[in-house]
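Shown next as structure tokens: one chain only, the form predicted on its own.
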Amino acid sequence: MVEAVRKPAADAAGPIIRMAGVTKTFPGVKALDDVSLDVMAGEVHALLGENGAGKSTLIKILAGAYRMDAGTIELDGTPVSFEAPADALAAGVKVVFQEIALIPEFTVAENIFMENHPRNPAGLVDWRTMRQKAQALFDRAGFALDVDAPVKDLSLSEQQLVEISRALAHDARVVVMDEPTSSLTPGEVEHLFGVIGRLRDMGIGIVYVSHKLEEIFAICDRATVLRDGRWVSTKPVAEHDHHSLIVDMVGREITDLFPKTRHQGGETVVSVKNLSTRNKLADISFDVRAGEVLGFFGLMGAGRTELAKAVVGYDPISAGEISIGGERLRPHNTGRAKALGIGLLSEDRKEEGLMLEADVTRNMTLPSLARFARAGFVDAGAERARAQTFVDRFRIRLASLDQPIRTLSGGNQQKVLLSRWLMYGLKAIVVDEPTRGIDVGAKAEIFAAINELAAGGLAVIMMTSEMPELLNLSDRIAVLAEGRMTALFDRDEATQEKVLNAAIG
């Protein structure tokens, strides 16, 4: 449960940072059109919107990574121009991106002072002073970190503290946090919120980007909403409820985020017996029936992703047996898995799911290309027509089917991947964190699609760390802890408390 830490923002004569009339155009798309944002000292300001709304573009302009086509930025009322990230950092603006940008082999102190290592009179790095300054930063902010620890040995939440410390080392006035809790455990989220509270007390303005609305209501003072590259609203969070925020973000009513269907389940499609791997999983057994959603929950490191990959032949197993439709997954590889009718919607879509430089059509049709072959050649017209049906069905936002898929937002990329497997046709599908980094509007469509898959007779295995979607989408719920299955609940008996207790092990 997220505990509220919000309190009134510190009094200030005016905003620390003000962006006004910001416009940015990329080839074929206007990413931002006359957008404004201001942040006060000691304020946590939420920046919200669907994928593709313009949030990332706006914060990259604020970080100096992009140059705006029109608009102004003022720092303490004085116009500024950020030509590069170093300019923004020197002005006291630090962005903590979702992908942490630290050097794993360097120590905590070395990473904090990466751009400006303290030097002694001889011009050499003053290691002692660097460690002392790092410790002083931690003492000031209340961080409990070892300044000499290699970053590679830290948890994700601890690495975020190092990034925040880099901001403090540059006397940051504004810290932007981009989806900071996407890979954190509940305990780490609570710790991060405590850190945010301390930054607020220090008078630092925080821009908080997240798709998790419960976090917005817990820690944010005001919220600015963007939609389709345009400003929609800025108002105190206290004047919003979940419904009004969603309406501002998506521009339409979403009355039922989760489908109400309960799936009965038919014959067993996927059977896993005594599955083990060398490094993580131990003696896991379960069955999934046609038309059923079996949800798997576990804290970070519990083995959800490892199990997902093992079931579809991606990761090797050391013991056990997997059957799809009554046939053994042997040899244990992805080619055999696909032939038997099981596919994976990977958690890491960019590294393991997408061909980033290929166009949208080919990313969607890749497993099904043989169906579009005519005399040894791909019928491009038929291929595009089939892809367009899924673009329309899932309201995938794009300029053209020919554009590289890397140019789509995360939510739209995920819908392309789901369309890929719907087009191919499967007996079973494994979806690993299907809504990670996806806005509420796209979530509703993904939830509906998962429900549709099960209603159509597919066996669905869903790995998720999101309790609401686990409890609302699953027909049965399995819990993992330290690589072992610790509980299996029917949907009617599962509660958040029971699931978390089983996840703790």
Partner chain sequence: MSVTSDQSPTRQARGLSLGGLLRNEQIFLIILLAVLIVGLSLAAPRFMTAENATAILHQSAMVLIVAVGMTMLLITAEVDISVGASLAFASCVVMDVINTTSSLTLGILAGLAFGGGVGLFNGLVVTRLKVNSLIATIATMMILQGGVFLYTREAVQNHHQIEAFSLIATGYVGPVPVPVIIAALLAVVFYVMLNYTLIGRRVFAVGSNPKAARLSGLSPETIKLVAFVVTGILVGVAATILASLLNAGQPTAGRGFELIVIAAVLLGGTSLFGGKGTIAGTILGVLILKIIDNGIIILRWNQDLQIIVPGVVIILAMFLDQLRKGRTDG
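Numbering follows the first chain given and starts at 1. All of these numbers come straight from a predicted model, not from anything done at the bench.
One more form of this protein exists, namely the form predicted in complex with its partner chain; it is left out here, but the text below deals with it.
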Task: W231 within 4.5 Å of its partner chain in the predicted complex, heavy atoms - done: no
Notebook entry, point to check: Does its partner chain get within 4.5 angstroms of any non-hydrogen atom of G410 in the predicted complex?
Noted result: no
**Prompt:** Should I429 be counted as a contact of its partner chain in the predicted complex, where contact means heavy atoms within 4.5 Å?
**Reply:** no
Inset, instruction - Give a yes/no on whether A319 approaches its partner chain to within 4.5 Å in the predicted complex, heavy atoms considered. - result: no
The listed residue (R289, R362, R227, R304) that reaches within 4.5 Å of its partner chain in the predicted complex by any heavy atom is R362
With the partner omitted here, the residue among M202, A373, V80, A238 that in the predicted complex has a heavy atom within 4.5 Å of its partner chain is A373
Give a yes or no on whether each residue among K443, E452 and D475 has a heavy atom within 4.5 Å of its partner chain in the predicted complex. no
Answer among 393-401, 68-76, 174-182, 323-331 for heavy atoms within 4.5 Å of its partner chain in the predicted complex: the stretch 393-401
Residues in 353-382 that come within 4.5 Å of its partner chain in the predicted complex by at least one heavy atom, in order, are G353, L354, M355, D359, R362, T365, L366, P367, L369, A370, A373, G376, F377, V378
